[in-house]
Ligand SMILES: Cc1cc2nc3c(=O)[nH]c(=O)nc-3n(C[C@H](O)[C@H](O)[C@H](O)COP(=O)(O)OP(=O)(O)OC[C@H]3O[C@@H](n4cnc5c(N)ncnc54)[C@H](O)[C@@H]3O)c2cc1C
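The chain that follows stands alone, in the form predicted on its own, written as structure tokens.
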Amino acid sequence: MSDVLAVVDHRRGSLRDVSYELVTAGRELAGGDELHVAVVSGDVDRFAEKLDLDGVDAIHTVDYGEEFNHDVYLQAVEQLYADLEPGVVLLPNSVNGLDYAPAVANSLSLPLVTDAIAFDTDDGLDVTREMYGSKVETTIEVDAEPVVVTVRGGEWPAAEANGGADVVPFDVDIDESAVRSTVTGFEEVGGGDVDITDADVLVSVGRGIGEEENLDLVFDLAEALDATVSSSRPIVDNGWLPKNRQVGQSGKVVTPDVYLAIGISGAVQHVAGMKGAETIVAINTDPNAPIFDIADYGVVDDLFDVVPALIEAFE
């Protein structure tokens, strides 16, 4: 391949998990060429320390503003691109990344491939994506370079700290007349009592729980495990848990150390949101449930027998 420019994502003073995964994906794409990581806005010096990761050749800091701004990011990436001339501009397939990735591609007259889950660089660049609710995988042959690519969170492991990358402050010339919006504040939606993306252990519940009152059993197990409760979509659709607890393609992508799936069949939309967990444990009465295809450990039994036994064991 050729040099890669990866622009990381942050919000409210913290780098998002996808930023560390972006570095791994960028290193894979760059091969023997250079991986340049850029962080725009916020506490860029502190972010740069956290981004000194394995495989990073240089970290470019753009000290302008505090939070994400479409117009600022667009201009910053345009100028970084002109200076570095990378073969790939790599962005997260996040809310922020999808906000400005099309604008970057349009402004630079580059092709755009979104939501990548895998790469093949043996002969050019092939990008794997999913379609039709993750039911079908497709391969896109990219026969042009440079290209803008966004990567899905949870598909690459987070890069580990290494040390030694050059930190290069990058001076941008922002046209203030082109900055048409600004962040005035943040408001949590969907019952922001927890952030399941930060949890080390998730106890996730599906339609197999049967009735809303049975959720108490799941919360008791979560308390015994010092875990956080999440769910599949049917639980949210029924109004039993708020939207911010939902894991899956239409919910949140999570990568906990342990993901305990209780009464979850394992539809592809749900699996898309949790398959990056380090260890997956599934409890289901159906031995043919798709969740067992990706589980590291499986229990084929009635959750109403297994969960009380687990609570007793861990208490």
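Take the two forms, superpose them, and find the largest set of C-alpha atoms that agree within 1.5 Å; that set is the rigid core. Quantities reported herein were computed from a predicted structural model and do not represent experimental measurements. Sequential numbering from 1, following the sequence displayed.
There is also a form predicted together with the named molecule; it is not shown, and the following applies to it.
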Q) Counting only non-hydrogen atoms and a 4.5 angstroms cut-off, does G87 reach the named molecule in the predicted bound form? A) no
Q) Counting only non-hydrogen atoms and a 4.5 angstroms cut-off, does D286 reach the named molecule in the predicted bound form? A) yes
Q: Could you confirm whether D301 comes within 4.5 Å of the named molecule in the predicted bound form, counting heavy atoms only?
A: yes
Q) Looking in the predicted bound form, any heavy atom of Q246 within 4.5 Å of the named molecule? A) yes
Q: Report the residue, out of I280, A30, V56, A267, that has at least one non-hydrogen atom within 4.5 angstroms of the named molecule in the predicted bound form.
A: A267
Q: Name the stretch: of 64-72, 38-46, 22-30, 269-277, exactly one has residues whose heavy atoms fall within 4.5 Å of the named molecule in the predicted bound form.
A: 269-277
**Q.** Candidate site G97, G153 and P157: all three near the named molecule in the predicted bound form by heavy atom within 4.5 Å
**A.** no
Q: Any residue of 203-224 with a heavy atom within 4.5 Å of the named molecule in the predicted bound form counts; write them all down in order.
A: G206, R207, G208
Q. Rigid core fitted, is the C-alpha displacement of A48 between the shown form and the other one 2 Å or more?
A. no
Q) Core aligned, does the CA of A58 move at least 2 Å between the shown form and the other one? A) no
Q) Superposing on the rigid core, does the Cα of G97 end up 2 Å or more away between the shown form and the other one? A) no
Q: Say whether the C-alpha atoms of H270 and V95 sit closer together or farther apart in the predicted bound form than in the form shown here, given that their separation changes by 3 Å or more.
A: closer
Q. Relative to the form shown here, do the C-alpha atoms of R233 and D99 sit closer together or farther apart in the predicted bound form, given a change of 3 Å or more?
A. closer
